[in-house]
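Only one chain is given next, in C-alpha cells, and it is the form predicted alone.
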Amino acid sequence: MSGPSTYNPKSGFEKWIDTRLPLPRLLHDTVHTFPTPRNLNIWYTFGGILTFCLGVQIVTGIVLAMHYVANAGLAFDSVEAIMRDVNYGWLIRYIHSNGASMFFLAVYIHMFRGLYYGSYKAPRELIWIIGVLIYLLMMATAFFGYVLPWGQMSFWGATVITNLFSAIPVVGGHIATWLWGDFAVGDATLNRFFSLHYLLPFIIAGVVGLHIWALHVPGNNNPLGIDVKSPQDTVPFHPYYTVKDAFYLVLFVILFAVFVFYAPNFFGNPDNYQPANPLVTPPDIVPEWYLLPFYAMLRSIPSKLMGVIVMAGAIVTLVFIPWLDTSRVRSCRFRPLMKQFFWGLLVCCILLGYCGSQSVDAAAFGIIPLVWVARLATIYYFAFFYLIMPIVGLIETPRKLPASIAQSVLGDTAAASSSLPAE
C-alpha cells in the first residue's frame, strides 16, 4: 500500500503551495517515493506505455480535428487534403491511425498480463473493472474514428455495426435510429460519430486517472502474486521504475515509428481508400484488427440476436473474472494446470482474430470451414471463464509460494542482509 505521505516541503513557497493545492505532495507520493514491488518485469511497463499512447492520440486528434470536415460530401476529400496540403499532415494522420493499433496492442498485452499474474484478484477487483471500462471506451472511440475517413469500409462498417442494435427487442430500432441521426447511415451519423470520437478520449483520460488512483490504494501486484510483507520487498518508483519504463517506452516508440514511416498503411483496409458509395457493397466487410475476435464470434452465430448477445457477453464476462476465479493463488507461475489453459485462451483469441479477418465462407486448409473454427474458439472462450477457471481453481494443487518477494529475488541470505535494489 502507498502508506502515509513522506513529503516534507523544504521552502516557504513549497509549504504555501502544499497547504492550498498539494500537487507537489501528490507527485512525490505517487511517483517519487511510491513503494513498488522490486520484482516487476517487462510486462508491467505497458501501463506507462498506454498513458503515452493516450496522450499521442489526444494531441494528434486535436490537430486533425482542426482540418477535418464532418460532412458526408466532404469528409473523404478533407482527409486527402490533410495528407497532401497540411504541413506534416501526412505524419500527424499516420501517427494517429497507427497509434490506435499501437494503443490496442499495448492494452491487449496489459490485459493478458493481468490475467496471467492474477492482477484482478482481491483487493484489486475495482482496478480490473475500471480497466475493462477503459477498454470498452477504447473500442467505442476506435469504432467512431474508423468511420470518419468516410471510405467504403468506413461507411459499410458503420452500417453493419449500427444495424446490430436493431436486433435488440423493443428498443433496438430506436437505438439504431438515434445513432444514425436519420433513417440510414449518412451525414447526420458522421456528425454524431465525429463528436463522440472527439469527446471520448478525454473521458478515457478521466477514467485512467481513477484507474491509477485505485491502483495506488492496494499497490501493484507482482509476478509472484504475493503481498508485500516488508520494506525489503519494495523499492521507490523513482528512479528504479521510471528509468526502466522509459527504456521500454523508447523500444515501443521505435516499433511505432517503423509502422509510421515504413508501413503506414499496414493496418488499413484497401477498400477504405475509395470514397463511400452506398450503392456498392464491398466483398467482405471487416472491422479493424483489434475488433476481429468479437466480429468472428458475431459471424459464427446464425441468429443475429444471439450473435449480438454472444459478442456483448464476451466483453461483459471480463467484468466478472475476479469472482469466477476460485483459486487462492494469484499468479499462473504457481498454477501449472491453469497456465496451460491460459495459453489455450491466448491461441483461441488469435484464432478468432484470424477467422474474423477472412471471408465468411473461407476454409482452413481448404477443408474445415472457418466459421466452425470460430464457433469452437468461441465455445472455448466462454468455457475458460465459466467452467475451467472456477473448476481448476478448486481442484488444482499449486506449487509452493516463496515466503516473500525479497527472498525470491535475492535468496534467503541476501534477503536477510542486503538492502540494495533488485536489478
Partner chain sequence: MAGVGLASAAWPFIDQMNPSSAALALASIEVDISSIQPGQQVVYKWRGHPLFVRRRTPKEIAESKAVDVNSLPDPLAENANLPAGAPATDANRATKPEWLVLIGVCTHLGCTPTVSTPQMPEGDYGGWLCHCHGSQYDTAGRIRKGPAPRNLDVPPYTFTSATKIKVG
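Keep in mind that this is a model prediction, so the values were computed, not measured. Residue numbers count along the first chain shown, from 1.
Keep in mind that the form predicted together with the partner chain is not shown, yet the notes after this line are about it.
- Judged by heavy atoms within 4.5 Å of the partner chain in the model of the complex, the contact stretch among the candidates 176-184, 122-130, 308-316, 199-207 is 176-184.
- At the 4.5 Å threshold, heavy atoms of residue 278 reach the partner chain in the model of the complex.
- Under a 4.5 angstroms non-hydrogen atom cutoff, the partner chain in the model of the complex lacks residue 212 among its neighbouring residues.
- Though the partner is left out of this view, residue 360 does reach within 4.5 Å of the partner chain in the model of the complex, counting heavy atoms only.
- Taking the partner from the other structure, the partner chain in the model of the complex has no heavy atom within 4.5 Å of any heavy atom of residue 169.
- Not one of 32, 44 and 114 places a heavy atom within 4.5 Å of the partner chain in the model of the complex.
- This chain is displayed alone, yet in the model of the complex one of 109, 217, 337, 160 has a heavy atom within 4.5 Å of the partner chain; that residue is 160.
- For the options 267, 156, 294, 194, the one in contact with the partner chain in the model of the complex, meaning a heavy atom within 4.5 Å, is 156.
- Of all the residues from 22-57, none has a non-hydrogen atom no more than 4.5 Å from the partner chain in the model of the complex.
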